[in-house]
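So this first bit is one chain, no partners, the form predicted on its own, shown in structure tokens.
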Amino acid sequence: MTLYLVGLGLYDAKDITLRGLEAVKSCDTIYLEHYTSILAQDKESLEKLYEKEVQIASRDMVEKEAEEKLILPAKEKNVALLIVGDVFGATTHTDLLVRAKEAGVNVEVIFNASILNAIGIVGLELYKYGKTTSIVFPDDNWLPETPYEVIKNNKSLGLHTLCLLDIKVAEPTKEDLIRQARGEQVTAAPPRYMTVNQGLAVLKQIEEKRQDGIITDDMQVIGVARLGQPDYVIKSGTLKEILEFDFGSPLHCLIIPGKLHHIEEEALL
């Protein structure tokens, strides 16, 4: 019996690897992690391909109920957790792997493409990226300055910075779960996906406070949208220019280049 951690890739149901598909078809229970990223298709498309039911796994379930829902059941049957992108794009899944192994559960990891390697299509050398960071929505005057610090440190070394942009998926409250159990209709708040433009606005807001001259209107930035999908967009320009550009539907990410090699400069033209 096995706990399968399966990367799904970046676009749709067909991005799963053949080995991943074979594993999923062997499973008795299948969960789709639905909070660190999203696919361009809904879970019904996955169910049609797998010919099996797929259950949505919330952050709370994966982080707080993993033993009950994932780890212990995998001692008696095959269980799969499907993860958009690659399995280890989020630390949550590393923690799950460690906990499962400590519990004596057999774990099989099936890798796939993620933003961390697909970003190579932009034309910047993957070896020249520094620490990756995340930009989050400001919340009740709480605005973490971590991305600013990461960009500052990476730029000091001539390294590029990949900024992942926030996804807010409303978790059901206890009251919602009670109402669902009663068969009542519960309307969840729609998810929010940060745009390139919003991410840049957050960086400018931090700059106004810090005044270190790291984020300026004339600095070069690169906005990326829907990487891995047929209609992906890559747009390079000054921060002021990119702020005015419409990148369309999610998911978006942002790159702050470091020192550019001439081949990288040509790739961005």
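Residues carry their position along the shown sequence, with the first being 1. Please read all numbers here as calculations on a predicted model, not as lab measurements.
What follows is about the form predicted in complex with another copy of the chain, which we do not show.
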property: Selected contact from Val84, Met194, Leu164, Ala74, since only one has a non-hydrogen atom within 4.5 angstroms of another copy of the chain in the predicted complex; result: Leu164
property: Full three-residue contact with another copy of the chain in the predicted complex, heavy atom 4.5 Å, for Pro144, Ser236 and Lys240; result: no
property: 4.5 Å heavy atom contact, Ile263 to another copy of the chain in the predicted complex; result: yes
property: 4.5 Å heavy atom contact, Ile256 to another copy of the chain in the predicted complex; result: no
property: Contact of Gly123 with another copy of the chain in the predicted complex (heavy atom, 4.5 Å); result: yes
property: Contact test in the predicted complex: Ala189 vs another copy of the chain, heavy atoms, 4.5 Å; result: no
property: Location of another copy of the chain contact in the predicted complex, chosen stretch of 76-84, 136-144, 107-115, 195-203 [non-hydrogen atom, 4.5 Å]; result: 107-115
property: Stretch 146-167 - residues with a heavy atom within 4.5 Å of another copy of the chain in the predicted complex; result: Asn153, Leu157, Leu159, Leu164
